[in-house]
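Before any questions on how it binds or moves, here is one chain, the form predicted alone, in structure tokens.
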């Protein structure tokens, strides 16, 4: 499957995205453990709510961080997240 900006994405079932104070970072929790996320990954995943398509996620990130040209970086992360089974396409 080719990832398109029209795809709607959310965190995969069985995973929970939350801020972990002990780690001082956002993490993905799963039954066997957790993945500590860097700031960029956390910002992207927080916006992958199952309602917005990736174009909207990218536009929101660009607005929130007053940046342009984030599409390539976001799409690269989404590919990694898919390979890791962190996300689900709707």
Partner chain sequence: MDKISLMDNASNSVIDTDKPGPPLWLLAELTYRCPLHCAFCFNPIGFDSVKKELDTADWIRTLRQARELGSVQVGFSGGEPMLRPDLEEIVAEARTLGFYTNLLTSGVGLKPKRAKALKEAGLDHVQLSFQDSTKELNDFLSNTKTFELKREVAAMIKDNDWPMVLNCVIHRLNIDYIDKIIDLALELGAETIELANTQFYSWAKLNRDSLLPSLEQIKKAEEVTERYRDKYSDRIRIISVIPDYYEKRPKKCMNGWGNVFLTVTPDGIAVPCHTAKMLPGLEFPNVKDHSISEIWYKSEGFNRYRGKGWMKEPCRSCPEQDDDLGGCRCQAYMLTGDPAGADPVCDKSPHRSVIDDAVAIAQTGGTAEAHPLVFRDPKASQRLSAGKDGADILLPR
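Numbering follows the first chain given and starts at 1. Predicted, not measured: the structure shown is a model, and the values here were computed from it.
The same protein also exists as the form predicted together with its partner chain; that form is not shown, yet it is the one meant from here on.
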Is there any non-hydrogen atom of residue 11 lying within 4.5 Å of its partner chain in the predicted bound form? no
Could you tell me if residue 41 has a non-hydrogen atom within 4.5 Å of its partner chain in the predicted bound form? yes
Is residue 37 near its partner chain? Define near as a heavy atom within 4.5 Å, in the predicted bound form. yes
Do residue 23 and its partner chain come within 4.5 Å of each other in the predicted bound form, heavy atoms counted? yes
Would its partner chain in the predicted bound form be within 4.5 angstroms of a non-hydrogen atom of every residue among 1, 48 and 63? no
Residue by residue through 45-71, tell me which have a non-hydrogen atom within 4.5 angstroms of its partner chain in the predicted bound form. 61, 67, 70
